[in-house]
Ligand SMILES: NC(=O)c1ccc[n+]([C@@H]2O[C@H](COP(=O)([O-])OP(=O)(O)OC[C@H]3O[C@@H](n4cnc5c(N)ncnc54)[C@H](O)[C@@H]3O)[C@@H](O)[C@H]2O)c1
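Quick heads-up: it's one chain on its own, the form predicted alone, in structure tokens.
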Amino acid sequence: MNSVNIAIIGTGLIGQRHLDLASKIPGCKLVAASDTHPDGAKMGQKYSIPFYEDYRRMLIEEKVDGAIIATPTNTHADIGIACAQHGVHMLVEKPITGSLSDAEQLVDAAQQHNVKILVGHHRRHNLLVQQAREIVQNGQLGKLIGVTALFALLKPTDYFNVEWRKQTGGGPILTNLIHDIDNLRFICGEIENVYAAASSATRGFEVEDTASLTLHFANGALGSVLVSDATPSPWSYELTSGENADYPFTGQDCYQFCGTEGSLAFPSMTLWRYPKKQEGLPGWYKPLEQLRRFETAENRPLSAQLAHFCDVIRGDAEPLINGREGLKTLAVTQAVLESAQQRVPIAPHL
């Protein structure tokens, strides 16, 4: 396996996780890091790699095959375009950019310079998410009728000591719901219309703390989603999936997929359906059987994502979620914000 040279741009919390993984993944060589904050130099010392306050200089002076962009969202486009101009493939943390126009420019630049973009919606690399997609897309539930999703947990008071988290754009829709939107697109199919309502009544900040939305999928299925970061609750992807040890595991489900032949609870992967040999017509008076569909001893999406990025750089794989796919997820999420503001249904602007 040929080793690929990886640089990290942005050494904050998620950047530090990428630094740690890039120093351990086989076939991945961590060669440099960059951040505008001088404290990032400590990361360079920790991993014995060159540190640059100017990522442009790093791209010129270091041999970089792929860069992981883990900087604030509004900087993704400029940094990504610079990477494309230097022929450097990129893993861009979600959202791909802060606006659809920026995303279009970044995708176009990558295409022009024959550079691949992998967008950091790492949950697509979760084996449970992939199994749910297979069950739904292969018709094991029959025709998909609808899905319900919950992102409900309590962010602590000190989380909001960072001022931007109280302001428009810093709330759970763009920060958290975008992950669930991407999961639902990946598992169920394209979302062609959203109708949303948002509220900041619990905390009274400028930013929303709660939102509710109805989704219309292109295949005719409907979806309902409740998102809130202001309630003690065990029902969010973070708390139910067990993929990140920083969050306490609750053993609950956060999604339910309903079809004409059965229903699936996620992430317990519990399938509910009527037994095939049951006498009489199926219906609410008949008992359902309950089946567990998936077991896995190891499920580390961030590690899997980085290994996949290395394969993309080597030309051994196409990005699981490329720039255009990341743009679509951003478009649906922006439509949620627009619908909540205008109080009308909105089709994603693609």
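Quick caveat: nothing in here was measured; it's all calculated off a predicted structure. Residue indices: 1-based, along the sequence shown.
One more form of this protein exists, namely the form predicted in complex with the ligand; it is left out here, but the text below deals with it.
Not displayed here, the ligand is kept clear of residue 322 by more than 4.5 Å at the level of heavy atoms in the predicted complex. Looking at residue 303, you'd find every heavy atom of it more than 4.5 angstroms from the ligand in the predicted complex. In the predicted complex, at least one heavy atom of residue 10 sits within 4.5 Å of the ligand. At a distance threshold of 4.5 angstroms between non-hydrogen atoms, residue 37 is in contact with the ligand in the predicted complex. Though the ligand is absent from this view, in the predicted complex it lies within 4.5 Å of a heavy atom of just one residue from 14, 337, 327, 21, which is 14. Between the ligand and the residues 221, 150, 79, 265, the one pair within 4.5 Å by heavy atoms in the predicted complex involves 79.
Only one of 116-124, 152-160, 133-141, 184-192 places residue heavy atoms within 4.5 angstroms of the ligand in the predicted complex, namely 116-124.
The putative spot formed by 72, 95 and 179 is fully lined by the ligand in the predicted complex; each residue has a non-hydrogen atom within 4.5 angstroms of it.
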